[in-house]
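Let's start with one chain on its own, the form predicted on its own, as structure tokens.
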């Protein structure tokens, strides 16, 4: 497919003798299509060429060598060159490329041979999947798919919270009270009740804390009974989580949690000592980061135990050795920003600056209700993700019963729409913002929501089926698509690869989500203004080809977010 931006930069480079790659970064997309398809700010060249921007613009306009298959016209506005490309050629390029690549349209091989390690989800075992882990799971899951789409080898790591004093509490409580709870219906809920009870009684009976420490010490020492109970709880938790992961289309290549690094931390501590990075501080051992305007990074606590930073350094060393990563991404809440800055800086000081530079914390905001209250806080809202996903599916099924009672596979459609609504609601705004969880908003079939995009996709399928359409791009008369709404939609489709690459560059799936809303709305405008199925066969074929292309891109796009498309709604 012709890269119009690259061709424009190449033509300007021949006139100015400035590197075409540099020039390509200057080219903008005007906010209004009346101002051209691309705009080139000539004032960026004024210092180098020692000329006024309007003079540069005039010289480029007069000398530029771009064939009619690319250039329609150029206008000068102030110091800008407003460049209009050949719309028929644009349409031909987009349609042929989509027909050739189909669901791979927009993909690339820029990441070939490179590993991207993505650490996401990471729930604490022995508890049901809390809604607080939704954002990490959905954002990380989308990044996993986006990087794979660009040719990288994504490595999804679920760094489970499967070690620590909490397991001493669970095991001690289990031994004391297991006969008081029903494990036949929902084992994980029974374990959670024991854990909650232990924490409550611990406040009045401090001796329970010592009991928990004893149990965890036996686990650390490899006592057979405690190891067996720990493995049972871990496997039980993973089986429970898998149901949610299957619904969310989340995939992991490793479930190495905190426990995996239990015997690997001594080597990290020893390396830090050998490199004279550890300093005593109030009974603890720390890496002094005052030179970098950060508090000290604690490695060994005053109680002589390791801590999160120690485990994260051990896991980073392990991931360097296993994956030799191009990027190591941590999809973890915004409150851990300082922690990761410290860990990455310590890794650099240990002598791994090239890998430290490839590490990135991808933070995100909270899940809040429409009143701004954190979900699951004082109001006692439902907090278990499985419950919320089931509720979403039930609500959609009820809507279907009201609006389309004769629809086949109602439950399957309700699953795709309900789960898709939850995923899209999470990804539709910048991840750093808090996610507003409002049933009325996220299940709206008309707003900027997942169900709206699915509805527009189903409309494209319905139109194509009604017309008995099969893709025959070679027969399309591209000149028949001249309407403003059609051209606007085609220009959006053309940018799909650029959008996906930008989402990876910024680790921001919302870029893809917002783009899909733009495509859906643009096509909807076209559909509302112009009949797709019409008496003029040449016009109909061209419009059906556009409909097919829109449906293809919408489906690929939501797949990158972790959603699925229904064929009917």
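Fair warning: this is a prediction, and the values are worked out from it, not measured in the lab. Positions refer to the first chain, counted from 1.
Heads up, the form predicted in complex with a small molecule isn't pictured, but that's what we're talking about next.
Shown alone, this chain has one stretch from 328-336, 463-471, 419-427, 241-249 that lies within 4.5 Å of the small molecule in the predicted bound form by heavy atoms: 328-336. The candidate site formed by 119, 133 and 308 is fully in contact with the small molecule in the predicted bound form, as each residue has a non-hydrogen atom within 4.5 angstroms of it. In the predicted bound form, at least one heavy atom of residue 340 sits within 4.5 Å of a heavy atom of the small molecule. At the 4.5 Å threshold, heavy atoms of residue 259 stay clear of the small molecule in the predicted bound form, well away from it. Contact annotation: residue 229 falls outside 4.5 Å of the small molecule in the predicted bound form, judged by heavy atom distances. Residue contact check for residue 159: one or more of its heavy atoms lie within 4.5 Å of the small molecule in the predicted bound form. A single residue from the set 124, 153, 488, 86 has any heavy atom within 4.5 angstroms of the small molecule in the predicted bound form; that residue is 124.
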